[in-house]
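Starting off, we have a lone chain in the form predicted alone, written out as structure tokens.
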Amino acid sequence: MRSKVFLTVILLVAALTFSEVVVRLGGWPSSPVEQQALQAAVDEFNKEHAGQIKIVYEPIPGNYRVKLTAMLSAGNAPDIFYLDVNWAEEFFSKGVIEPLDFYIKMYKLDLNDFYPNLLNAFKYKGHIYGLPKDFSTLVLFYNKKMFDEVGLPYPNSSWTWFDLLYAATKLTRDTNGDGKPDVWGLALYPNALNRVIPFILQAGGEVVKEDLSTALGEEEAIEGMKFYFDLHNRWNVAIAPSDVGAGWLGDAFGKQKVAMVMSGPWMLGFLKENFPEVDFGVAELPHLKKRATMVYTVCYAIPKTSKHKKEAFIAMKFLLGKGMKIFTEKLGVLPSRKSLAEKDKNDSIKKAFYAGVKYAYPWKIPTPSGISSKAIDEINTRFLKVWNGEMTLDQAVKEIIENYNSWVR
């Protein structure tokens, strides 16, 4: 009898010792195609690690940021989850995310294969808290037919602000003879700090100073902002998408109401599916004193509350390697690893996106508290008033400088 009990205990211990560890993976379900692409990567991992580690993909619909915050507070967050670069620092500063430096060394993840700008976007106080799963940079999309109609050469990497303004002026036309323009050179967002920032940087300005106070009152920053809003208010060559009955830049461009927009690789699939007849090209953003663009990226992170941190990192390492290859090829987004980007280097469309990542600015506003959402909202509110002629840029900058400190603490 004792031998049977002893054998049962041994078998139970063995079963527990070799039981499969479940790692939960969370993220926002931006589209069915993205979910399918990520699930394909998960399925491959589970096949290769059967009986050892199993990833269970659990999309988090609705207000992802709010729900994730609640899950972290309750201690039941997924073992791996997405964090957007725009608000990731808020989570890092609260101490709820596990630093990854130790695991990176233990499992020998090659950081040199990642684009430096993307890695730096998820560093906080000298530590790495997230690893980028993909990225998007802004480029200039242009309508080849509309350029041909006015006899303009297509945009290229040598373009400056002056080339952009000249082309936009020529492309803004009255085609139906009613005395008013009905096609425009550019469509821009009236109240989007992340689209104004490239112009600030191209003019030699900064977004924040070393002490994390705002730099938007500096001469170079004002020069960049002024050019952006002058395209609409002074030279009348840029409109908002809503001005031509469009919901966003891609829609205005697809309807061929505008000849140029600054957008990311998410436009590629949209145009292919909804406006396949539009013949377009892409180029790096025009520059002034220096080159600059925005980079949007999302990382995988591990919460401090995870009970399976080592297994979560093993799963993350796969998702950042073979899994990234599966995910990016199925979805058409840009991989954050240089080795996986090799196949796209000669692609006439994608090469402009890759060129930009070398000098791109991550879409985040570093602040003393790690929280930037209020400052961004307040700045964008004033930008909209400048666009609409309800406030001068000088007035907007004055209010931003006076109130910025209260918005970020």
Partner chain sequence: MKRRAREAIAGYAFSLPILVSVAVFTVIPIVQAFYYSFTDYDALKQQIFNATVDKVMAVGMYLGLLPEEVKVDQALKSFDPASFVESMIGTSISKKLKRILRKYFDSKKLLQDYASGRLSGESKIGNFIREYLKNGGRYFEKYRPDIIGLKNFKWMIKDEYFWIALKNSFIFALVVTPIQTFLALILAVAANSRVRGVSFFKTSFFIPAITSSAAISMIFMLLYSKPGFINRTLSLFGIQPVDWLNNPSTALPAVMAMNIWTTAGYFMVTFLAGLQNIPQSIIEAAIIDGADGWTRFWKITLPLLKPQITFVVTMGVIGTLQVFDQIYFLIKSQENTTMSMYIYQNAFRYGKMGYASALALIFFLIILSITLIQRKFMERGLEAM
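Numbering follows the first chain given and starts at 1. All values reported here derive from a predicted model rather than from experimental measurement.
What follows is about the form predicted in complex with its partner chain, which we do not show.
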| item | value |
| --- | --- |
| Partner contact for residue 95 in the predicted bound form: its partner chain, 4.5 angstroms, heavy atom | yes |
| is_contact(residue 82, its partner chain) in the predicted bound form, heavy atom dist at most 4.5 Å | no |
| Residue 58: touches its partner chain in the predicted bound form, heavy atom cutoff 4.5 angstroms | no |
| Contact test in the predicted bound form: residue 63 vs its partner chain, heavy atoms, 4.5 Å | yes |
| Segment assignment from 307-315, 137-145, 168-176, 279-287: heavy atom within 4.5 Å of its partner chain in the predicted bound form | 307-315 |
| In the predicted bound form, the residue from 384, 340, 355, 53 that sits within 4.5 Å of its partner chain by heavy atoms | 384 |
| Of 243, 230, 149, 206, the one that lies within 4.5 Å of its partner chain in the predicted bound form (heavy atoms) | 243 |
| Interface residues of 62-77 toward its partner chain, as seen in the predicted bound form [heavy atoms, 4.5 Å] | 63, 65, 66, 69, 72, 73, 74, 75 |
